[in-house]
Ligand SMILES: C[S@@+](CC[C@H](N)C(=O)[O-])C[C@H]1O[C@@H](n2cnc3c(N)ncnc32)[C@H](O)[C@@H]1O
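Only one chain is included here, represented as structure tokens and corresponding to the form predicted on its own.
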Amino acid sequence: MVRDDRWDRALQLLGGLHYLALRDGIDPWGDPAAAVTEHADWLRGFVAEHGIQTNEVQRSWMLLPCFLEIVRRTGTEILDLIEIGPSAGLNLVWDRYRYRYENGGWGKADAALELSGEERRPVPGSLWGFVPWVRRRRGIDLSPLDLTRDEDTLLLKAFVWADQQHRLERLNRAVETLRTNPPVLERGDAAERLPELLAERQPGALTIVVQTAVTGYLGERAERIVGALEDAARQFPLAFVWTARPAPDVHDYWGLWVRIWPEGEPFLIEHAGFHGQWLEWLGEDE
């Protein structure tokens, strides 16, 4: 995947304008050119200092069935989670949200955030009876955000499109949920740090490693990550959930892939929109 730096710079500039709107109450959208001119020096610093930061919590809605399918297949009741590229870690606390699907719901009724979406082929209701306990939550990111800090929360909000108020409201509820007990997020290169986290595994739980939306940034490091997983899987059971193309010629939606070691082969469990706004279940029916 080839990144276009000009597109990234444009997104950073828009994020900077939104940051000013959220922090200072200005309206940069009526005349963006004038706003850029007026705040040019500040915006240059913002673009130089802050890379694009996104953490779409709606993706938890497409991830939950994958996790529950792993629980069903393995018979596990306790999970340890490791996310590659978690940003602020909102999808590491997926079990604290409420979910709605065509064949039922999952999660606590009093959760601060409820997630739903479009099911193009519904998830079987039999999965909702599995309620695992998440024992540990850890993430590895080059620039993790600490949402217990207001300035980091503001930065994450700034990279949500300013006219998508529903996403901002969803983000606010997710932040509220995460702040009750934040996951452990480490700054570092996942290809280097993942083997160490896997080596620190404690018995009594199934470790699930997950990544979404970071494949295009990993380059050759992706092979090192897969190698680390395969090495660790020789020592203890392990599961991996990741997003990738469902087929070589498909570019407009994701495939969600799962592999469960020691004996399992990779299998495609879902198709899904890039933000988790829809899914098509490919696994077993009722």
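Numbers for residues come from their place in the sequence shown, where the first is 1. These numbers come from a predicted model, not from an experiment.
The following text describes the form predicted together with the ligand, which does not appear among the structures shown.
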Quick one: which of 177-185, 99-107, 115-123, 134-142 gets within 4.5 Å of the ligand in the predicted bound form, going by heavy atoms? 134-142
Since exactly one of A205, A158, L198, V214 fits, which has a heavy atom within 4.5 Å of the ligand in the predicted bound form? V214
The ligand in the predicted bound form: within 4.5 Å of a heavy atom of each of V209, R259 and G283? no
Since only the chain is shown here, I'm wondering whether A190 would be in contact with the ligand in the predicted bound form (any heavy atom pair within 4.5 Å). yes
Counting only non-hydrogen atoms and a 4.5 angstroms cut-off, does L229 reach the ligand in the predicted bound form? no
Would H50 count as touching the ligand in the predicted bound form under a 4.5 Å heavy atom rule? no
Report yes if any heavy atom of Q235 sits within 4.5 Å of a heavy atom of the ligand in the predicted bound form; otherwise report no. no
Looking in the predicted bound form, the residues of 65-92 with a heavy atom no more than 4.5 Å from the ligand, listed in order, are E83, G85, P86, S87, N91
